[in-house]
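Quick heads-up: the structure tokens below are two forms of one chain, split into structure 1 and structure 2.
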Structure 1
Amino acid sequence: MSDQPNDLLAARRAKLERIRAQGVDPFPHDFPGVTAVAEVQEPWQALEAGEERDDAYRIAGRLSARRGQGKMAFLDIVDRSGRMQVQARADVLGEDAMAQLVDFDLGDLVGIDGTIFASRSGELTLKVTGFTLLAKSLRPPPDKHHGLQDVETRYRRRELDLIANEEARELFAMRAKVVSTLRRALDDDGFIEVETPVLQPLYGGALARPFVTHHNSLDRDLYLRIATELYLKRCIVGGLERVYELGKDFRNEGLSTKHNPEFTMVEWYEAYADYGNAMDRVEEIVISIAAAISYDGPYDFSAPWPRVPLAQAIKDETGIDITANADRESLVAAIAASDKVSLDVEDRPWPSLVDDLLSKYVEPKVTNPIFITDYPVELSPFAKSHRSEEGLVERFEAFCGGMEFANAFSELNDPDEQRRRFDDQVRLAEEGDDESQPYDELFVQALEQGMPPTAGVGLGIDRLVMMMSGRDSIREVVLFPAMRD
């Protein structure tokens, strides 16, 4: 996209000056009384080709196409709800006004007053009785037929993508519906939405490397949050009982089709519930979202989703029994003996090997939604020990379409156990693990105050939207994804 003036820009500038010279304001302040084109069209679906009515409407939008014909022309106006054709006639408008309207550039924002009719070929059309330039466009729009295809331009100049591609507008409207449906579901069930710090003295709640920033007058470094987990649990300690926060988390990791450095996450915490209740709620909410957007895709969201223990899932896909091979040496031997699995086991501790088996052999196989449950304690520093399975915690992750989209557990509320888990994390940090958790004394003290048994869930909104929309890259569902300079 060139910033240098060229003929196309000069032509538009010249028109702008011509318009001003005619005494027309190319950037007026308002245009009251507009009806969305979908609303204009809705009552007239049955109008027969050639039928005309006196019903008058005012619409506004971007001029997207023009089919001129001398003393008569058809123009297409696009607003958020759709596209509508209007007909300009010299015998209605007069020669001068007709010339003015036809001289508008594709991309200009225009307001149209007109009466409804169905054209000879049956398309609902407004016969223009009046028009107003609402904002002059000084740059050419993308191709009217092919839209904007260039992926890089679509991400860097999302406004052009939204102008040119109806699917882009629909996608982000759909994303908004996903979020509003989720909020309503939680609100209706007695959750209160809270806001906790994005800038944190100490980061925590997930295993990830943070962004660091600096506060000048406090003269101290702060971290951008990697999760809302710890603050939200302090809200539960405080007696808020059901809380959620929906917002951005930031993780200083590599980019991929599934990872943007800032991403939208909802976390909710429910007192007196466990991870089983959390599975019910995830299932219910996702199903209600699918219904709200009239989901029409390859996945079957209907309940109940399978709930498969991690050890079982790994055994099903690889034949390897991690329960029977509960130490590193025997698991390495089992992997070596397997003809289904090839993993780099060098320097990998037992929990990492289990994680690898999950992410390489189970996760990619998932199509319809499934809960994988009961993880090794080493992978989950904030999850409560399993009530019956030694060495495991009550945790689940939800997967769909080869991708994890939710992570949840019965929250650890024993402060002494939490201290030991932090100690383990600090030890990992000393061994060079830069994703381990810093010790959060304030959080442990909050647990010492007493936290009810609680279920907590984190659900990735971007990934949920990917699933619901069939997009295979997170950049497609984030308006302005991270790009290099």
Structure 2
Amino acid sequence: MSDQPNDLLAARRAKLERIRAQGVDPFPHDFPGVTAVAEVQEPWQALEAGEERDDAYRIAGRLSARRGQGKMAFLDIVDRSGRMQVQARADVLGEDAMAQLVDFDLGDLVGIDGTIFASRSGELTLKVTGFTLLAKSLRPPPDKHHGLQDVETRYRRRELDLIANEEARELFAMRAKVVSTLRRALDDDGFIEVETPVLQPLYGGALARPFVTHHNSLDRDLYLRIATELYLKRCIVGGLERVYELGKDFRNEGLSTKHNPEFTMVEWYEAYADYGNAMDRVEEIVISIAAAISYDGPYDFSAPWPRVPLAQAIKDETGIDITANADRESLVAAIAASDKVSLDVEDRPWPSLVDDLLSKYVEPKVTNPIFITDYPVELSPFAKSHRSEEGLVERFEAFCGGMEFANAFSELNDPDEQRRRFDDQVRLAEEGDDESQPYDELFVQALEQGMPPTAGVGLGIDRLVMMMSGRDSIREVVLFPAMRD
């Protein structure tokens, strides 16, 4: 969105100075006693056209439209709950006050005192008995008829998007409801919300590249966390037994419709449970969120969700059996022989190729929610070995609408096995895998204190909101997404 013409900006600044010259503070400190527009309107839905009441209210919001002048004018005031028409009359306010009110610019923030009535067309309206300028808008708002359509501007200048588009305000109110519903579900089930470090001396808990920063006083490099997993499991070791954290994680990866380098995750860990219990809880929580927001989109969230082993899901879509091709050479040969698969295999380790088969050939085909289960151990350095399938771990990912939104394990709690897994990750790093997990000795020592059987889940809030709102880009559901210069 280009800057407005200088004459428009100059005209608004000139008006600001005139207001000040009249002895009016254009930026007062407060305006107590405001009632939300929706709360004003709710009790009076049955008011008949032309009917007036003495009930007085105070509302506040942005001036979005103005009709009429002289002896009577109608103005629209918008707050986060909705729009309300107000009627200004010179015989009520006086000539000077009336002239001052109708001279306000669109976009100005205004407080209104008035009494309720229904206009001749039946629209609920406040008859203005007093008003206060709350903040002078020095820039014109986006076009009221067409809203703000330019996608780049909507993301870079989210405040303009929220001013212009009621749908944007509704989306982020819905996102807040998703978060509060999730929190309430975990709180009600006895989970404790905790906070762990964002700046970490050693990143871990996922396979991703970190952001690196430098702490001047400590004179050491630190990492923005890529996950909260390792610290939360140390809480389990300490006896908290059911913990969760909802907050930001950071991964230094490419931008896409599904990836923002700063994203919101909830991770929860439950002692004495396994990945089957975790599937049940994810299913229950997502269904409760869909109910809370009155979801009416294309996906069917009703239980039970299908549970399909990863090897079977890949074979169904590609014809490649990763179980029968359990080393890099044979898997590369199977990919080369396939007429359904085209992957860059050069210098790629086996786990990375398997992950690509999943993300490029299985994930995009998913519509309704599904659990894909039982992953190779090489893809899951923190998951517990499968109790009946050698070479696999008890892990699932939840998918819906062509993307993964949750990841969970029966958590590995054998410290010696964890050491071996870390060693394997180090070898993968030496082979060129820049998203492998670094060795974390302090975490292993925590496991040596003893960690009970535990189920752990990571669920992406941004992607969950994408699913629930029908948005196809993560930038739509993040208030201020990362953007190129």
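Take the two forms, find the largest set of C-alpha atoms that superpose within 1.5 Å, and that set is the rigid core. Owing to the predicted nature of the structure, the values given are computational and were not obtained by experimental measurement. For residue numbers, the reference is structure 1: its sequence is counted from 1.
Enquirer: Given the two isolated forms of this chain, which one is the form predicted on its own?
Expert: It is the second structure (the form predicted on its own) rather than the first.
Enquirer: Has the Cα of D105 moved 2 Å or more between structure 1 and structure 2, judged after a core fit?
Expert: For D105, whose C-alpha is compared between structure 1 and structure 2 after core superposition, the shift is less than 2 Å.
Enquirer: Does superposing the core leave S342 with a CA shift of 2 Å or more between structure 1 and structure 2?
Expert: Yes.
Enquirer: Would you say D356 moves its Cα by 2 Å or more between structure 1 and structure 2, aligning on the core?
Expert: Indeed, D356 is displaced by 2 Å or more.
Enquirer: Once both forms sit on the same core, give the Cα displacement of G319 between structure 1 and structure 2 in angstrom.
Expert: Core-aligned C-alpha shift comes out at 4.0 Å.
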